[in-house]
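Below you will find one chain, with nothing else, as C-alpha cells; this is the form predicted alone, and questions on how it binds or moves follow later.
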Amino acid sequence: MSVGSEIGVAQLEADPYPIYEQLRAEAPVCHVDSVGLWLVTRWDDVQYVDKSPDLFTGETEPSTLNRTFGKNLLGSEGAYHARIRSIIYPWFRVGAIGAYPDTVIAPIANELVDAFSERGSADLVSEFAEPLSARVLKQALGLEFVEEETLRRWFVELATGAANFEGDPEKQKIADAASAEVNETVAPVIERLEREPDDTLLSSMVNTDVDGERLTLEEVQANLKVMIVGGLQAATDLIALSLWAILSHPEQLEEVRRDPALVDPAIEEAARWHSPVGTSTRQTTRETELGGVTLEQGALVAAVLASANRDERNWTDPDRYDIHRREGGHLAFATGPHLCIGARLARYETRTAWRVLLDRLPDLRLDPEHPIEITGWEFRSPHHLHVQWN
C-alpha cells in the first residue's frame, strides 16, 4: 500500500504534522486517497505551485470554495481573479485601515477584557479571540445588523463546506444552508448600498467600477462569504495560536514582556510554527512533473503551507518555536497571486490583542487545569485557551 492510501481524515484533523514530516521524507508529492488530493509538502515545491497559476490554477473543478460560496476570488484565476482583487484589495491597504488598531480594534479588545479582568481566569478563545474578530469584521464589512452569534455560526458552517475535500454530503448540506441564508440576509442591504454608499467593504464591493463594470449580486454575495470565513478564521486562529505559542513558552514570554519589539516576530513565528491555514488548493492545467511524480492534466493538488513552514530543508530545527528565528518569511498566508488579502487586518488584530492582554492582565499564564486541544488540518486552532492572571 502507498503512504497516501493509509492516511485518514481523522489523522489529519488530529495532528497533521507527523504525517507531513513523513511525506516530506518519503513522498513529497503524494496522493492521499481520503481527501482526493495530491499533497505537496516541501517548501520549494509549495512555493512553485503557489507562484505558477498558469500551471497550477486556483480555478479548480471540483472546488470546495466555489461549491460552497459561488464563484469567488479564491476559486478563480486570470482576468476574473484580477478584476475581483482590484475591487477588494484597496480596502485593505494601510491608507484605508491603518487607523484600525487604535480606533476600532483596541476599544473592542478593552471592552472584552473589561468583562473578565476582575475574575482572574478566562477562555481567550470564546471570550476574547472569537468575539474580537467577529466585532471587527462586522464593522469592517458593514454587517453590524447581523447578530454576533449568527456571524460566527455562518463562519463555522461555511468553513465546513470549504474544508469538505472528502465530499461528505452531510457537511455540504450544512454549508449550503448557511450560504443560502447569507444570500437572503444581505440581498436587501446590497440593494440599499446601491442607493446609499458608505465606507464599509461591502459598500466598496457593491459600488466600485472596473472598466465601467461592477460586481454582480452573485459575485458580491460569493466574495462576501470569502470575507466572512477568511476574516473570522485568519484573525481568530492567529490570535489564539499565537497566544498559545507564547504562553506555552514562559521564558520567551518574559522576553516579550521586557522588549515589546519582540511582539511582531513572536506572532510571525507562531504563524509559521502552527499555520492557521493549511493548504492552497490548485489543479494542473496540463501534464507536469513535480517532485519526481508525473501529474496528469486536471490533477487536484494541495500545496501544504503548514508543511512547507516546517520543512527541514528551509528551517533550522523547524518543530521548535523560537521568537528569535531570523530565516525569512513564512507561507502561513500563502504566496503568489492568491496571497491572503486580509493578512494585514489579521496581523493588526493580533498585535493589538497582545498589547491589550499583556498590558492589562498581570502574569498572564496558561491554566494547568485545562489542557489545550488543537485540531484541524485545513483550519487549525485551539478549541479553548484557558488562562489565569494575578
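Computed from a predicted structure; not experimentally measured. Whichever C-alpha set is largest while still superposing within 1.5 Å between the two forms counts as the rigid core. Don't overthink the numbering: it's just position in the shown sequence, from 1.
Below, we refer to the form predicted in complex with a small molecule, which is not included among the displayed structures.
Is there a heavy atom of L358 no more than 4.5 Å from a heavy atom of the small molecule in the model of the complex? So L358 does not count as contacting the small molecule.
Could you tell me if G70 has a non-hydrogen atom within 4.5 Å of the small molecule in the model of the complex? No, G70 sits far enough from the small molecule in the model of the complex that none of its heavy atoms falls within 4.5 Å.
The small molecule contact at G342 in the model of the complex, heavy atom, 4.5 Å: Looking in the model of the complex, residue contacts with the small molecule include G342, since a heavy atom lies within 4.5 Å.
Is the gap between F116 and the small molecule in the model of the complex 4.5 Å or less for some heavy atom pair? F116: no, not in contact with the small molecule in the model of the complex.
Counting any heavy atom within 4.5 Å as contact, can you tell me which stretch out of 342-350, 358-366, 317-325, 37-45 lines the small molecule in the model of the complex? Within 4.5 Å of the partner lies stretch 342-350.
Which residue, A308, L243, A235, V301, has a heavy atom that falls within 4.5 Å of the small molecule in the model of the complex? So the residue touching the small molecule in the model of the complex, by this definition, is A235.
A175, L137, V186, A109 - the one with a heavy atom within 4.5 Å of the small molecule in the model of the complex: Residue within 4.5 Å of the partner: L137.
Has each of G142, T208 and V220 got a heavy atom lying within 4.5 angstroms of the small molecule in the model of the complex? Contact check failed for every one of G142, T208 and V220.
Does S52 move its CA by 2 angstroms or more between this form and the one not shown when the core is aligned? Comparing forms between this form and the one not shown, the S52 CA shifts below 2 Å.
After the core is overlaid between this form and the one not shown, has the C-alpha of N66 moved by 2 angstroms or more? It does shift by 2 Å or more.
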